[in-house]
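Here's a solo chain for you in structure tokens, the form predicted alone.
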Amino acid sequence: MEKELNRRRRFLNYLLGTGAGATLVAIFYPVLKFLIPPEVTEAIQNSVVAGKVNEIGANTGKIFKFGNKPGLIVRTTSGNLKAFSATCTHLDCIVQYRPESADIWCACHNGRYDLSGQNVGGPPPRPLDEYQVNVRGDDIIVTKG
């Protein structure tokens, strides 16, 4: 009789333990999936239309989307078009073109880049990624090179 009682008790303990474990998994799994989002894969896109030729005047810059990342196109005072990644190499802040000093500036930690993308001041550890620029008709085409 006692063996039968112990066997039933172990079986009930097993059921309660697995039920409690399954409940905890059902509660915490969605929470963990929310806190650790899945890695988003970027579509492979090598060239985009960054804008129209008449949108960008001399000594101005414009932010454009390159896939899911920002890009920066600059028309220098001499009229040349240059394109770079608009993500600072220090902490991934968005950079912008400053016409008064003719440089690319990161407002987060005062990082500065020249018009060839080289880091010239502040904490950025390396240059901006430079893209190739082509003009086709009225469109400015930017290509990763």
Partner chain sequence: MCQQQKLYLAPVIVLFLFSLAFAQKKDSCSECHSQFEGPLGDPVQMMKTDIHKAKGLSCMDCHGGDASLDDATMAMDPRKGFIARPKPANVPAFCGKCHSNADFIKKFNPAQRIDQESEFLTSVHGKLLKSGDQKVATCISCHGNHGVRAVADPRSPVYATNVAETCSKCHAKAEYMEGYKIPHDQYEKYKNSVHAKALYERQDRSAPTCNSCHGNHGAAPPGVSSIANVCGQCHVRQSTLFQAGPHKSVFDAMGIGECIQCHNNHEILAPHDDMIGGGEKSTCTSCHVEGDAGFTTATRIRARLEDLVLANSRALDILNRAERAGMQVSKAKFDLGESRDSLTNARVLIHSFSYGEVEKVIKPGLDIALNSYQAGENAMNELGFRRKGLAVSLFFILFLAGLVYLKIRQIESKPK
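For the two forms, the rigid core is made up of the largest set of C-alpha atoms that agree within 1.5 Å on superposition. Because the structure is a prediction, the values reported are computed rather than measured. Positions refer to the first chain, counted from 1.
The protein also exists as the form predicted in complex with its partner chain; that form is not presented, and the subsequent description refers to it.
Item to check | Residue among Val49, Ala102, Cys93, Val53 with a heavy atom within 4.5 Å of its partner chain in the predicted bound form | outcome: Going through each option in turn, the one that passes is Cys93.
Checklist entry - Is the gap between Pro123 and its partner chain in the predicted bound form 4.5 Å or less for some heavy atom pair? => result Looking in the predicted bound form, residue contacts with its partner chain include Pro123, since a heavy atom lies within 4.5 Å.
Checklist entry - Heavy atoms within 4.5 Å of its partner chain in the predicted bound form: does Ala58 have any? => result Judged by the heavy-atom cut-off of 4.5 Å, Ala58 is well away from its partner chain in the predicted bound form.
Checklist entry - Closest heavy atom of Arg9 to its partner chain in the predicted bound form, within 4.5 Å or not? => result Yes, Arg9 sits close enough to its partner chain in the predicted bound form that at least one of its heavy atoms falls within 4.5 Å.
Checklist entry - Is Gly137 close enough to its partner chain in the predicted bound form to count, meaning some heavy atom within 4.5 Å? => result So Gly137 does not count as contacting its partner chain.
Item to check | Residues of 13-37 having any heavy atom within 4.5 Å of its partner chain in the predicted bound form, listed in sequence order | outcome: If the 4.5 Å heavy-atom criterion is applied to its partner chain in the predicted bound form, 13-37 yields Asn13, Leu15, Leu16, Gly19, Ala20, Ala22, Thr23, Ala26.
Next on the checklist: Ile27: after superposing the rigid core, is there a C-alpha shift of 2 Å or more between this form and the one not shown?
Outcome noted: Shift of 2 Å or more: yes.
Next on the checklist: Core superposed first: is there a CA shift of 2 Å or greater at Leu16 between this form and the one not shown?
Outcome noted: Yes; that C-alpha moves by at least 2 Å between this form and the one not shown.
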